[in-house]
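Take a look at this single chain in structure tokens; it is the form predicted alone.
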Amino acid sequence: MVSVGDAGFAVETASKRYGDVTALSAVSVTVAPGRFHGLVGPNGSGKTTLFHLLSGLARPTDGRVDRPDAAVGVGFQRPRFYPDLTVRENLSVFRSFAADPPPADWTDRLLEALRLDPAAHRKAGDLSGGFRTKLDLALAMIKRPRYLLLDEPLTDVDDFSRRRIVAFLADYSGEKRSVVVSTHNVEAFADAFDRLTVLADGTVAFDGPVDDPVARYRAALE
């Protein structure tokens, strides 16, 4: 992995193989500042592998991945937290890891925006699936990163919370911050994505700005 200042992410002809299985083949993608970027595709398309390359959880077999020096927050498909700590205690601990922690009221903003307030004083290990997903999202955002990478951030979340989360993420992204979401649920983010990377069989079927993510996604897979 190479740092490139704050120019965003650059994946250059990256391939990833696991034994005899090729998960990605010569994929090139950029994630520029100020975007709400979707990595989408059916199961087995390679989107999770690409997400792992961007987040630093995996290295390409061939090619290269350049990452920004700016702060990056990562949310996982399987939430990661301290199960014996409460929701608020988890947020406090993760906030303390930041070199330049955001104001304390940012924690309260996350609790309210993600509808975590009712569970703020409950142990994380006792939470339902939807609350676990929302806690993981809050932990990814607690440092208020310039780049936010999220893998299926709506898993087990109720419909009202889904709409609220998507709106909050769309508001979070902008001139100075980017949000990247890896998902198979294009419809849930249809009003938010402004750039789309569609993967199919480990290759890029489409990559570019979009006005209608759902239509573009379907056309790319035809």
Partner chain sequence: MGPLALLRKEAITVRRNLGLFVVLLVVVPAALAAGTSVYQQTIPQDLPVAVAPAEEATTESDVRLVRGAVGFFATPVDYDDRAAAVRAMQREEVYLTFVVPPDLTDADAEATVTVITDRANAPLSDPAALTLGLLESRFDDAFPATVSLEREAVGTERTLSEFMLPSALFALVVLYALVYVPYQVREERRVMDRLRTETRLEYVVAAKLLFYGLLVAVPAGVASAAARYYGYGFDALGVETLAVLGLSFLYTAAAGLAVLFALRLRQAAVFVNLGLAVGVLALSGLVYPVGFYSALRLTIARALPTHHSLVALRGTMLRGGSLSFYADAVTWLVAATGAAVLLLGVAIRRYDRGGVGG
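In this text the structure is predicted, and so the values were computed from the model without any measurement. Numbering follows the first chain given and starts at 1.
There is another form of this protein, the form predicted in complex with its partner chain, and it is not shown here; the text below is about that form.
task = Could you confirm whether Leu57 comes within 4.5 Å of its partner chain in the model of the complex, counting heavy atoms only?
result = Judged by the heavy-atom cut-off of 4.5 Å, Leu57 is in contact with its partner chain in the model of the complex.
Partner proximity in the model of the complex: Leu139 to its partner chain, non-hydrogen atom cutoff 4.5 Å = Yes - in the model of the complex, heavy atoms of Leu139 and its partner chain come within 4.5 Å of each other.
query = Counting only non-hydrogen atoms and a 4.5 angstroms cut-off, does Gly125 reach its partner chain in the model of the complex?
reply = No, Gly125 sits far enough from its partner chain in the model of the complex that none of its heavy atoms falls within 4.5 Å.
query = Could you tell me if Arg144 has a non-hydrogen atom within 4.5 Å of its partner chain in the model of the complex?
reply = Result no; Arg144 lies far from its partner chain in the model of the complex.
inquiry  = When its partner chain is placed as it is in the model of the complex, are Phe193, Phe206 and Tyr217 each within 4.5 Å of it, taking any non-hydrogen atom of the residue?
reply    = Not a single residue of the candidate spot has a heavy atom within 4.5 Å of its partner chain in the model of the complex.
ask   = Among 171-179, 39-47, 57-65, 24-32, which stretch has residues whose heavy atoms lie within 4.5 Å of its partner chain in the model of the complex?
value = Result of the contact check: 57-65.
inquiry  = Do any residues of 94-116 have a non-hydrogen atom within 4.5 angstroms of its partner chain in the model of the complex? If so, which ones, in sequence order?
reply    = In sequence order, Phe94, Phe97 come within 4.5 Å of the partner.
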